[in-house]
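First comes one chain, alone, set out as structure tokens in the form predicted alone.
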């Protein structure tokens, strides 16, 4: 009997009685208020974002068009694409699989599409510095075999902007019912904001069918654009910068690691929202448990795709293969590679196999921090050596002289801190304009699920209406 009471207490703590529809609206609309702490954090992040702009401008003034000095800017651009671009897939893929646990997390996952704005701005100076497709009537090695000379620059920007616009469209479409809730249950600028953006939403059957259609359409398009954008960025801003680097698996490795980073980003954001946003009533153990399992799976996939590419170079032993290993594995970034290997694969694998850590709120969040830092180091390992290759060697068959390790200068550090701060600031500002936890998703989850007892344990019974 003592065991049964203990189990019942734990389940009641993680699955409290579902709040009523009115309580959901009242709580989540009230959570959009900005307190003193929020304003202080926003001011600090805004100041750091301005310092990031200073870092980019200072880099442009001090080194100009020397591409060997822009590797860290390329690395932070790729990291934001990795961490922010993959996060909306947490709102897309589980929803397509009709996973009920994802409903409270879908809004925060969709908010990460705002980071694409910062990523697109960082891409602009890199596009200017990207070597031309044809130099002295010689076409350099890239995926653009017969394409016009403007192809790397135009299509790269179009892909990233298209990905960002699609993500924002998904975010806006899924937020329409909540904008209507802001219109009907708030005051001041939030009410005016909700009235304008709700577009006359009344919750009719036609509007709900249209909403589901838009979410499915934008979600599918986003996934296709995500893979395509990672293919272009990884090939044009990494592989094509190194003579002799030919790797058919690398773009997919880049995409899969983006999904890993996206899961880690959403996990960490949910923990912050639960801990400091007053959303403990809506973000339960279920979300962190499910994300922990996904993070564990994609950490194994990180190793699978890395090793699938690495083994080709290791056993190939051609001059180009040896140059690749010397540049990106055991050369100037050997410690970066070791750090990325431990933090992206070994540490999350070893930590998340333990049930006590995986089936918790704090455990997956801590592992998410480890993974995100590891992926930042991994992008530095990939992009800094790639951009350190002198431009006059780009037509060589393979790299004969391995550049020395390039350490970040003050402007690089300011750019990294400022870019990440700007991304977080956009997320915080968005959480003041619309609830960070979707009102209509929570209400739908409450209608479709209820706690039940199964044999000697407890669970949640979920209906599948469609």
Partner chain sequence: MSSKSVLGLFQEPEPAADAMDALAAVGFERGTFDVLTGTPYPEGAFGEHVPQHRLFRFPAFGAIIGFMVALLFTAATQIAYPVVSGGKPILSLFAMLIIMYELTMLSAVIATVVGIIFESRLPNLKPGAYDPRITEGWIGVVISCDDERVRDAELALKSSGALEIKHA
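Because the structure is a prediction, the values reported are computed rather than measured. Positions refer to the first chain, counted from 1.
Just so it is clear, the following notes concern the form predicted in complex with its partner chain, a form of the same protein that is not shown.
Proximity of residue 184 to its partner chain in the predicted bound form falls within the 4.5 Å heavy atom cutoff. Residue 411 falls outside the set of residues with a heavy atom inside 4.5 Å of its partner chain in the predicted bound form. Although the partner is absent here, residue 21 is a contact residue: one of its heavy atoms lies within 4.5 angstroms of its partner chain in the predicted bound form. The shortest heavy atom separation between residue 132 and its partner chain in the predicted bound form exceeds 4.5 Å.
Partner contact region in the predicted bound form: 201-209, out of 330-338, 69-77, 201-209, 262-270, criterion any non-hydrogen atom within 4.5 Å of its partner chain. Distance criterion of 4.5 Å from any heavy atom to its partner chain in the predicted bound form singles out 214 from the list 214, 393, 275, 281. This chain lacks the partner; the member of 354, 150, 145, 189 within 4.5 angstroms of its partner chain in the predicted bound form by a non-hydrogen atom is 145. The candidate spot formed by 53, 57 and 360 lies out of contact with its partner chain in the predicted bound form, as no residue has a heavy atom within 4.5 Å of it. Contacts of stretch 430-460 with its partner chain in the predicted bound form, defined by any heavy atom lying within 4.5 Å, are made by 440, 443, 444, 447, 448, listed in sequence order.
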